[in-house]
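Quick setup: one chain, the form predicted on its own, written in structure tokens, and binding and motion questions come after.
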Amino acid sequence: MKRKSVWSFQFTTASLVLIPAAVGINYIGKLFAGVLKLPLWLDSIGTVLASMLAGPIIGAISGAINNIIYGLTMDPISFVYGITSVFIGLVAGVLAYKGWIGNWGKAVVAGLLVGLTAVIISTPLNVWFWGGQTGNFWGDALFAAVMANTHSLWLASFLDELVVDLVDKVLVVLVSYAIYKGLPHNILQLYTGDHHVESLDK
């Protein structure tokens, strides 16, 4: 099947199988980063991969479901950032459709754009719900240092989110692209059709 536009999608068997697979990848990544206390989230690999394969709507749904499940089973804070995951899926899906996750260099740029999106959406949430902090040890250390020197809550919160999200989302997009590149062509065709596969492989 070929998507006529970036926003067209169908709940086919392939996409219905992809959503729980993407959620599982996200869940494991976030759990892994949390247990090891990494300066990363690693909770969007499945979302980005789903967006690359089946478009921004499926990616956004995968991201939102992951936050709901993680919030119910591990950390209620995850509920708040469901909207961030939705936007990550949407932006990644549009970039993939436009061919902006088509090689390693483009994937880095796409990762930065996805990261900036996450920062813009998450920073107000951090300020409104958690006093500006992210809950990430490394980011919150920077938050404390900036607050001590500037007393600017918004600047401290923005930098707290930025220092984690930019690196995290570049790595997430690169890993997602590597997985995508490793998938057999017949699997890719189940989701995107020849036209979209070619646009990502330019």
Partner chain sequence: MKSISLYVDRQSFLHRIDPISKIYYIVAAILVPILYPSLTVAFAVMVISLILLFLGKVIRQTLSVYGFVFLVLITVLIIQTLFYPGNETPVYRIGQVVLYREGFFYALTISFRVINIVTSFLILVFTTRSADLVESLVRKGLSPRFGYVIASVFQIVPEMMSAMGRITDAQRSRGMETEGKLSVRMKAFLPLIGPVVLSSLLNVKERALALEVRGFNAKGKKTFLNEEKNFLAPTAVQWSLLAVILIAIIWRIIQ
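Since the model is a prediction, treat every value here as computed from it, not as a measurement. Heads up, when I say rigid core I mean the largest set of C-alphas that superpose within 1.5 Å between the two forms. Positions refer to the first chain, counted from 1.
The protein also exists as the form predicted together with its partner chain; that form is not presented, and the subsequent description refers to it.
In the predicted bound form, does V164 have a heavy atom within 4.5 Å of its partner chain? Contact with its partner chain, no.
Would N103 show up as a contact with its partner chain in the predicted bound form if we use heavy atoms at 4.5 Å? Residue-level check for N103: no, no contact with its partner chain.
Although its partner chain is absent from this view, report whether A33 comes within 4.5 Å of it in the predicted bound form, heavy atoms only. Heavy-atom contact with its partner chain at 4.5 Å: present for A33.
Looking in the predicted bound form, any heavy atom of G71 within 4.5 Å of its partner chain? Yes - in the predicted bound form, heavy atoms of G71 and its partner chain come within 4.5 Å of each other.
So which bits of 34 to 61 sit within 4.5 Å of its partner chain in the predicted bound form, heavy atoms only? If the 4.5 Å heavy-atom criterion is applied to its partner chain in the predicted bound form, 34 to 61 yields V35, L36, K37, L38, P39, L40, L42, I45, L49, L53, I61.
Aligned on the rigid core, do the two forms place the Cα of I69 2 Å or more apart, comparing between the shown form and the other one? No: I69 shifts by under 2 Å between the shown form and the other one.
Does A33 count as moved between the shown form and the other one, where moved means a C-alpha shift of 2 angstroms or more after fitting the rigid core? Yes, A33 moves 2 Å or more.
Direction of C-alpha distance change in the predicted bound form, L36 to A178 (at least 3 Å): Closer: A178 and L36 approach by 3 Å or more in the predicted bound form.
A178 and V35: their C-alpha distance differs by 3 angstroms or more in the predicted bound form. Do they come closer or move farther apart compared with the shown form? Closer: A178 and V35 approach by 3 Å or more in the predicted bound form.
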